[in-house]
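Single chain ahead, by itself, as structure tokens, in the form predicted on its own.
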Amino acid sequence: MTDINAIAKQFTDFYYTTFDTNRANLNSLYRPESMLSWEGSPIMGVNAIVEKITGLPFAKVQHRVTTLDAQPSSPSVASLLVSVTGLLVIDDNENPLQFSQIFQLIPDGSSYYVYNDIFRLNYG
């Protein structure tokens, strides 16, 4: 069996590095049937998702992952659930925000695409 934790780490490293440097390049990870729930608001399809992500109101962002968990999500397909928590530094603010994000990754040839993406800021 493929090491799902290694796949999850490789995916999240790529996702957050790309998000932090050029959000528009995340379009390759989504498909027309992909769905993002952003703070409870559903967004469907690659174009709408990339529009949301690129339209966020900050110039600079840095994700600092603190936990990463992965599980297989189907007995018949090599899909994964990936759960991430971490800190979000926006525009060099000294007080990072806590976030959580869950991805469902579906195999697509030799890689994966994001079928589901749920993002929440964690206030407390």
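Only a predicted model underlies this, so the values are computations on that prediction, with no experimental measurement involved. Residue indices: 1-based, along the sequence shown.
Unshown form predicted together with another copy of the chain; subsequent notes refer to it.
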| item | value |
| --- | --- |
| 4.5 Å heavy atom contact with another copy of the chain in the model of the complex for all of M35, S83 and N122 | yes |
| Distance check, G55 to another copy of the chain in the model of the complex, heavy atom within 4.5 Å | no |
| Contact flag, T67 vs another copy of the chain in the model of the complex, heavy atom cut 4.5 Å | yes |
| is_contact(N25, another copy of the chain) in the model of the complex, heavy atom dist at most 4.5 Å | no |
| Touches another copy of the chain in the model of the complex: Q98 (any heavy atom, 4.5 Å) | yes |
| Any residue of 39 to 73 that, in the model of the complex, places a heavy atom within 4.5 Å of another copy of the chain | G40, P42, T67, L68, D69, Q71, P72, S73 |
